[in-house]
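Before any questions on how it binds or moves, here is one chain, the form predicted alone, in structure tokens.
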Amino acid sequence: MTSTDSALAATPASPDESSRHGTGTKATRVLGVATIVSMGWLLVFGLGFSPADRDQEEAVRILYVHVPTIWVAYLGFAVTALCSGIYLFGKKKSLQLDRIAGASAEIAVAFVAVTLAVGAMWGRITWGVYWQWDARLTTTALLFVTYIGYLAVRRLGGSHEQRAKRSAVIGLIAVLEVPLVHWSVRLWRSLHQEATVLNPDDGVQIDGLMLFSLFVGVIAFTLLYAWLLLHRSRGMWMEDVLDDRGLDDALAARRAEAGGRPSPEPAGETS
């Protein structure tokens, strides 16, 4: 019998029983409330208290979403790589590490999509076009496509262990693109502005309320990432349990079919 977790036997057998069980807990509900509060806080400071920029004017408010989403996406891809490395090289091959890696990648891909979308809005206002084949934009798009491929590989056939192994290898390779994206502004002549907050040469040159709004944005989206990660990884565990249960049911049906099949009668004598 294949088993995804020791709790497989305790999983509800019928759809009616399963519908009464979800991925939420008291901790995730508290985290969800904290996420909502922090998002509201970001909305108030980003649209209300934070002043308009001298050069970008009101368009600067887009950055309170643009910057936090890409930084949290970096975090998500780093978590994917970390869990992949532990799974590949660790002594205990826990499938939960694979599920966390996959869930983290899914969420990070969604955040990169938001980054590209709001970045296009900012570019239309600032540059006059939605898209330029700029180094930062191009490498970010490449990062997005790479992890779409990672998610596609996770959907290939095979056992859970085969999925975990091949995904872990790709997860460790794909994360190498993250520093390329981050340093692309310095490596190539880019239209995209350099880092404003974490600039090793000029230090922080930003209004205090703008900096605080960016900080609130990072906190809010990090909480959202953590909330989504908990729910999605638990959802993946449920999917694995259902896959294993379906395989077990199919094997049991085949055994029952083979056991109940009547034996062939010996050929009678012909007169």
Partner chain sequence: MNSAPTTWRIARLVAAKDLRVEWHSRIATNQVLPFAAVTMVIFAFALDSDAVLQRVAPGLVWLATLFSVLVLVQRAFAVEAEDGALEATRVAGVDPRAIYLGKALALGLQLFVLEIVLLVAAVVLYAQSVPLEGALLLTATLISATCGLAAVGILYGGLTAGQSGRETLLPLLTLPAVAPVLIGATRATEAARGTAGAVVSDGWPWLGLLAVFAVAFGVGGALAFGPLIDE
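As the structure is a computational prediction, the values presented were derived from the model and not from experiment. Residue numbers count along the first chain shown, from 1.
In what follows, reference is made to the form predicted together with its partner chain, a form of this protein that is not presented.
Among heavy atoms of Val109, none comes within 4.5 Å of its partner chain in the model of the complex.
Mapping the unseen interface onto this chain, Ala113 falls outside it, with no heavy atom inside 4.5 Å of its partner chain in the model of the complex. When contacts are judged by a 4.5 Å heavy atom cut-off, Val153 counts as touching its partner chain in the model of the complex. Its partner chain in the model of the complex is approached by Ser184, whose closest heavy atom lies within 4.5 angstroms of it.
Partner contact region in the model of the complex: 157-165, out of 157-165, 119-127, 70-78, 97-105, criterion any non-hydrogen atom within 4.5 Å of its partner chain. Judged against its partner chain in the model of the complex with a 4.5 angstroms heavy atom cut-off, the residues Ser38, Val44 and Leu63 are out of contact without exception. Heavy atoms closer than or equal to 4.5 Å to its partner chain in the model of the complex belong, across 160-181, to the residues Gln162, Lys165, Arg166, Val169, Ile170, Ile173, Leu176, Glu177, Leu180, Val181, ordered by sequence position.
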